[in-house]
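This document starts with one chain, in the form predicted on its own, laid out as structure tokens.
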Amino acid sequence: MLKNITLGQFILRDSLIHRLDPRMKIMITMLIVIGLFFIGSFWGFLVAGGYILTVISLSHLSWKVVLRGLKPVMFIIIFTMVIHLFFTRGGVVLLEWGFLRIESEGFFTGLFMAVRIMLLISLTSLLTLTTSPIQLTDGLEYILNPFRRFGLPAHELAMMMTIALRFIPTLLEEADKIMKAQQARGADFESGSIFRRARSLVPLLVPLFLSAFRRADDLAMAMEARCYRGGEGRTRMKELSMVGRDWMALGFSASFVLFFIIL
């Protein structure tokens, strides 16, 4: 499961999506996410899925890499479906067994919410898979800069968010190493019920938290040694600039959002 988490990972490719301005990619992602919550039919989800498949094709990424990110949240997807399946009432009774009853409204609502979650996870995974951590920091800082007049530390906040995303694959790799070391000493993480397997993961938490704090301390010392002092007066090696392809991507995405909302 640890290897299936794609959030925070970046895969370098020479593609149109990778070359887009990070500010535009963040804004487009936010636009599509908001649009997904306005969809009221499966036809809209079909169009949104076609849009995501188009982006995957243009980014030269394997669709298996994107779909792999759905495996860690499959429990949440199934749980959401089951809750709606048995507790949402309305429509025709599809199945009745004792006190359990499944109605058509619950079935379609559960499926509807599951598809929405899958599209949201796939879309947000594409943002981190096609944007390097440095670009993501610069893009977030530019977007948050207007709020600095209200006292919001734009650079520091963008840096913290990006470091948190960047540390996800690192911590997952560390957790995998600890798990293999404990399995070599006789620990069992795979047999038994789901609750027993969850309890068996508790011994992972202490060394994982110690490792996380040690890495955070090393990072802080490295930043101090390089005289890092936040965003005041800092310059960039590569300044961000939006070109024609960025505005074309925004127009293309906005058209799709309007189309699947209308559907």
Partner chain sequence: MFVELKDVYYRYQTGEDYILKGINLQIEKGEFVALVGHTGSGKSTLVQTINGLLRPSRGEVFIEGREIGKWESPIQVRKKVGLVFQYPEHQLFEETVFKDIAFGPKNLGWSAQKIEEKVRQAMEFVQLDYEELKERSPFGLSGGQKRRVAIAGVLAMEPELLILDEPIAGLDPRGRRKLLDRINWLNEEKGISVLFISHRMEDAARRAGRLLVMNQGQIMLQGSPQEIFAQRDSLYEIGLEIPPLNEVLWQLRQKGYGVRTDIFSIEDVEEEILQHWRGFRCSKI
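The structure displayed is predicted, hence computed values, not measured ones. Each form is matched to the other, and the largest set of C-alpha atoms that superpose within 1.5 Å is called the rigid core. Positions refer to the first chain, counted from 1.
The next section is about a form of this same protein that is not shown, the form predicted together with its partner chain.
Note that among 25-33, 208-216, 56-64, 38-46, the stretch whose heavy atoms approach its partner chain to within 4.5 Å in the model of the complex is 208-216. The partner is absent here; in the model of the complex, the one residue of Pro146, Gly151, Gly186, Gly90 having a heavy atom within 4.5 Å of its partner chain is Gly186. Only one of Met161, Ala181, Met74, Leu111 lies close to its partner chain in the model of the complex, with a heavy atom inside 4.5 Å, and it is Ala181. Although the partner is absent here, Gly50 sits far enough away that none of its heavy atoms falls within 4.5 Å of its partner chain in the model of the complex. At the 4.5 Å threshold, heavy atoms of Met221 stay clear of its partner chain in the model of the complex, well away from it.
Using a 4.5 angstroms limit between non-hydrogen atoms, Val202 touches its partner chain in the model of the complex.
Annotation for Asp138: C-alpha shift under 2 angstroms between this form and the one not shown, rigid core superposed. With the core superposed, Ala175 shows a C-alpha displacement of at least 2 Å between this form and the one not shown.
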